[in-house]
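Next up: a single chain in structure tokens, the form predicted on its own.
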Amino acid sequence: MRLINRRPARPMAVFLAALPFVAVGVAYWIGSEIRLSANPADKLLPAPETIVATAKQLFTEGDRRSGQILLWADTLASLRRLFLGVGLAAALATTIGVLIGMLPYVRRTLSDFVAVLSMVPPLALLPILFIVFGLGETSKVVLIVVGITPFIIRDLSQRVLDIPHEEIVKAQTLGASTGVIALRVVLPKIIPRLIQSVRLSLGAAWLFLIAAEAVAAESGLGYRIFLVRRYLAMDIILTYVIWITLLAFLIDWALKAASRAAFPWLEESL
């Protein structure tokens, strides 16, 4: 049998999925052991047990001055900014994407503009956003919106254009107006794609969030990482990085599960 036709059984699939994670963990452990054996005071690659102890402390012990558990406070601050930015981007992209895909005049007006806008590096706009919106929450949320909205717009507008024209014609034959067609024909078709587009944009959204928090913030996961880097506190930094990765995975998994529950006929490939 050709390799292209071979599919792993469930136990083998689980083993193969876990293999890269185990390999990275083992490689880190070996590297840490080598560095610590040469220099026990080395801070670059703290021992795994040190990271575990630090993580336990960060998740359970409050700050000496405020009594607040900083990791949870940073998590809430970052997730609030992330959800607000991604939510606004999804709503804005859905509206504009439907208009571009459905209406030729809007498509002629905005399609090239959105394409050019998607080429602008969002991080290059960060100083401008801080000048216009200040150093508060607004600039951080706007950076996420600016960073991921053009991509989602282009993806959704193309999905609208891919809807068979016969379906649009049938709706018009039954007397549906443009608004009704958008709500009853187009929108149900693109919601599954919207969820996938948001999932694909989450990595970029986290990048923009961490960058904005690193530059100007008083709380947040990115703020804390860049605050402790001056002390070379790699055990804290690695704990935060692992926590951010876990949060991103859980959000992606939740969106995937929601898509499967709402659209069971959809073949998930992401």
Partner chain sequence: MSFVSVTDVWQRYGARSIIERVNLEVAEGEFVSIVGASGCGKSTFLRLLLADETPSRGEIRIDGGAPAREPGRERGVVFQKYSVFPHMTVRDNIVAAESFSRGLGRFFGAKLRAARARADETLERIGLAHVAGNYPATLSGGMQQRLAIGQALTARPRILLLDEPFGALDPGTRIAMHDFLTELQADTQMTVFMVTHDLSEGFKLGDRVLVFDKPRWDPHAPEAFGATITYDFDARDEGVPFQHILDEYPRLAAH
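Residue numbers count along the first chain shown, from 1. Fair warning: this is a prediction, and the values are worked out from it, not measured in the lab.
As for the form predicted together with its partner chain, it is not shown, yet the points below apply to it.
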With its partner chain left out of view, which of Ser111, Gln172, Ser118, Thr95 would have a heavy atom within 4.5 Å of it in the predicted complex? Gln172
Students should find that, of Leu88, Leu103, Ala176, Leu135, the residue having a non-hydrogen atom no more than 4.5 angstroms from its partner chain in the predicted complex is Ala176
With the partner removed from view, which of 75-83, 139-147, 122-130, 182-190 is the stretch that lies within 4.5 Å of its partner chain in the predicted complex, judged by heavy atom distances? 182-190
Heavy atom within 4.5 Å of its partner chain in the predicted complex: which residues of 142-167 meet that condition, in order? Pro164, His165, Glu166, Glu167
